[in-house]
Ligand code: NAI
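One chain follows as structure tokens, the form predicted on its own.
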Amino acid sequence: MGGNALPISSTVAVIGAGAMGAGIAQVAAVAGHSVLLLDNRPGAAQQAIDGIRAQLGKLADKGKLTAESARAAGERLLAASTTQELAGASLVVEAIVENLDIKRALFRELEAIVGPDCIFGTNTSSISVTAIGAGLQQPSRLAGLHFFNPAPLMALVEVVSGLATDAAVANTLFATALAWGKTPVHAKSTPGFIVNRVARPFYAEGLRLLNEGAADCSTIDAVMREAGGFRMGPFELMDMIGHDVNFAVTRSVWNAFYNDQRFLPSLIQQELVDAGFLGRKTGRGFYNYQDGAQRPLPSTAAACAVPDQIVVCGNAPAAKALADRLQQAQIAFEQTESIDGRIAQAGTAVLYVTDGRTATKRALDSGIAHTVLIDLALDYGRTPRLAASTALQASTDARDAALGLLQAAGWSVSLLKDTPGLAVMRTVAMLANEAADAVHQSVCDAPGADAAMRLGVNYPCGPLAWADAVGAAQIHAVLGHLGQFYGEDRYRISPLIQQAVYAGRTIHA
């Protein structure tokens, strides 16, 4: 990436002593820099430093830092009371309120104080870096340096270049973040940068499933955790973030993209915000967090009999895992080639992995009435739960035979309303689509997009790598079928994915 990290002898100034500012100050101090921490609230900077020193002491007690390193890092922290005291800083990182005018005014003030070679970094998560720098005489010195909370623990840093940002400045910040033990990724200043943009479908598709009655919150969350491998489902994650915050980010990205339907906010979440049901912090969101409240269990299909006739078809990942699990359970079955993408037959039921069509539409297209679909799983061999749906044409006996087969293989099955793409597949396809568009539009490169989503929001796999594992053609088909079903521009397919399919290549190529 070029560029050299700031020398350890350089002083780093951090403005804003809240959770993010304090965290950034801690990272810089542990890396060896003298750090000046400034906040406009009287005593806040010193209070934050006291908290950082206590935290460093705990890390030393746990053996994650030596006692000497913790003491030295704490001593490198100093509270500043005015911006004039930052004159000798080589890097100033702003972590104040998300307000364009206030940020602009701060950097204009700093420009008259610091030296001409001082680099400005803004920790904004949603405001255009280009817009923040527009009021500077030397906007080339400003770039985004977007840490994730908590900064000492989260590895990702988005280094965001505005239109006027000097490439050398961005490269220096990249190298500096790397020297601080972080994993930096370059990004262009576009709405949401990488993470807040690419993550939107994780919430949006879950909200759409809920709005359409595909399943309840607890069931969708369980499927996304247990089958998708995500640490949290969309509804519990929104409750943790806070609906006021999550909804505001969605609105911000939607507005910034001139009301692009891909980022359309949800009326369900708007209602929660209007009601003051903001999630964990208010005791109620999608779930009730008040004392004594019980978390609803996910919907799980009742036990069905093991079908008399089982045939596993082909060697696709789902079919291979099914065969392995049946063997482990000592369930007898036959094996044959897959003639049309089917993974199994259970009595009269024919099972497929969803391709974005509803089971009902796929049954119509194939002439196979007893069609049953299963959802994507991160690892079919290990997942304890699968989502499934059945065609409206399918008989109850066929449905039960399919459920009996899946249950015999050790999967708990959540039966969803027959909805296109089910839960995991449509979400992964849309995450990959958004990541692909970010790469196509030169916001970042493919490795950067995947690293950002793994490290910034703890996804189990980068969305583009995941799409390549599923197959670019399959992702293309899912998105195409979603677009046909809904008739909405929301599901338009990224040119990057289209080109990969046309060339017979992976998306990463």
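On a predicted model such as this, the values are computed, not experimentally measured, just so you know. Counting begins at 1, following the sequence as shown.
If you look for the form predicted together with the named molecule, you will not find it shown, but the lines that follow are about it.
Using a 4.5 angstroms limit between non-hydrogen atoms, D468 is distant from the named molecule in the predicted complex.
Using a 4.5 Å cutoff between non-hydrogen atoms, L496 does not count as a contact of the named molecule in the predicted complex.
Taking the partner from elsewhere, N123 is found to have a heavy atom lying within 4.5 Å of the named molecule in the predicted complex.
Contact check for A95: a non-hydrogen atom falls within 4.5 Å of the named molecule in the predicted complex. Heavy atoms within 4.5 Å of the named molecule in the predicted complex are found in exactly one of 52 to 60, 33 to 41, 66 to 74, 439 to 447, that being 33 to 41.
Though the named molecule is absent from this view, in the predicted complex it lies within 4.5 Å of a heavy atom of just one residue from H243, R362, H146, R426, which is H146. Candidate site formed by I15, A19 and I102: every one of these residues places a non-hydrogen atom within 4.5 angstroms of the named molecule in the predicted complex.
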